[in-house]
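Take a look at this one chain, the form predicted alone, written out in structure tokens.
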Amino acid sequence: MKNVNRLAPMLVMGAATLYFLVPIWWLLVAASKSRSQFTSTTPLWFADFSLLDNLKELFAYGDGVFLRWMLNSVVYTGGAALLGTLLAAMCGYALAKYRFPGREAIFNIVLSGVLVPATALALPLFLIFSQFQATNTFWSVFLPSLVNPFGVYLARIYATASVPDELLEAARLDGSGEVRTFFTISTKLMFPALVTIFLFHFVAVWNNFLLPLIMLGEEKLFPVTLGLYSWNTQVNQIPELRMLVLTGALVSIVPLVIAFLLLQRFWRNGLGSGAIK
């Protein structure tokens, strides 16, 4: 009976793993083929390995516009994730550790923001930025990407559980200001939550498509998601773009993998130290 109870979760986990990994495997295999082999060979296995040639063509096409899109995505995503995580942490910490009128009302508004899909906000944001003639600019994508209601919610929950009020009182008695206490004590205790918020925010902004689609019209400002979409719409007219889209899609997931691999040890160490406490 025990073996059966263990087998069922393992089967579910195995099916979920295949569900997520098979598309990535297909993308890797497809990006390694030439244009002629893409439709004439087995979809899930390699033919002649042409990935390096495809990468050279990708980086050279359009005077290296793909590299510009990747750089744009790194700037949009890295900056928004860092600043957004900091803002979410400060807001969540304030909602958890300070008593002031309207605190619960503000938190409920934040919770309602979690429930609103980003697609519903894209058009209102476009109209607002249009009033200030700020569409088709870096800021029209960057500024809305800073907002992270789920991060505020998670930061408040974690700050409530991991930052003792007694420790804050002791810091105040020692003459530490509120800002110094937050950055030197509270952020260290909240670090696993901050890593989680950063990763979620990083992935969300990197994969964001609708907001840049509505806001941007100049190709040099495109993030990689919108750039690949613009190429994909031209595949019927320019067939060679098909392999560039596939190869570019493979390259575009590399920063996400790197971010997770670099941050998972902090995540694991933080959770481990929390369990020891």
Partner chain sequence: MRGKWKALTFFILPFALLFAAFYLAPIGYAIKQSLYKVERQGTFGKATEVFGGLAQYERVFSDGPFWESIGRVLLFGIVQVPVMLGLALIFALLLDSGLVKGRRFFRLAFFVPYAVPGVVAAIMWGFLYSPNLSPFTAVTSNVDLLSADFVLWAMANVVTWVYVGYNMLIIYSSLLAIPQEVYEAAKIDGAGALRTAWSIKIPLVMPAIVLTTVFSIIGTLQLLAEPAVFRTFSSAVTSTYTPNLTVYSTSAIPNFNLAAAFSVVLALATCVLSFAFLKVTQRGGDK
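These figures come from a predicted structure and were not determined experimentally. Take the two forms, find the largest set of C-alpha atoms that superpose within 1.5 Å, and that set is the rigid core. Residue numbers count along the first chain shown, from 1.
Keep in mind the form predicted in complex with its partner chain is missing from the figure; the text below concerns it.
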For Pro164, is any heavy atom within 4.5 Å of its partner chain in the predicted complex, or not? no
Would Trp26 count as a contact of its partner chain in the predicted complex, using a 4.5 angstroms cut-off between non-hydrogen atoms? yes
Look up in the predicted complex whether Val203 has a non-hydrogen atom within 4.5 angstroms of its partner chain, and give yes or no. yes
Is the gap between Phe150 and its partner chain in the predicted complex 4.5 Å or less for some heavy atom pair? yes
In the predicted complex, does each residue in the set Leu71, Ala134 and Phe191 place a non-hydrogen atom within 4.5 angstroms of its partner chain? no
Given that its partner chain is left out here, which of Leu82, Ala170, Val75, Leu127 has a heavy atom within 4.5 Å of it in the predicted complex? Leu127
Its partner chain in the predicted complex - contacting residues of 242 to 262, heavy atom within 4.5 Å: Arg242, Val245, Leu246, Ala249, Ser252, Ile253, Leu256, Val257, Phe260, Leu261
Aligned on the rigid core, do the two forms place the Cα of Gly62 2 Å or more apart, comparing between the shown form and the other one? no
Align on the rigid core first; then say whether the Cα of Gln234 has moved by at least 2 Å between the shown form and the other one. no
Once the core is aligned, does Thr225 move its Cα by at least 2 Å between the shown form and the other one? no
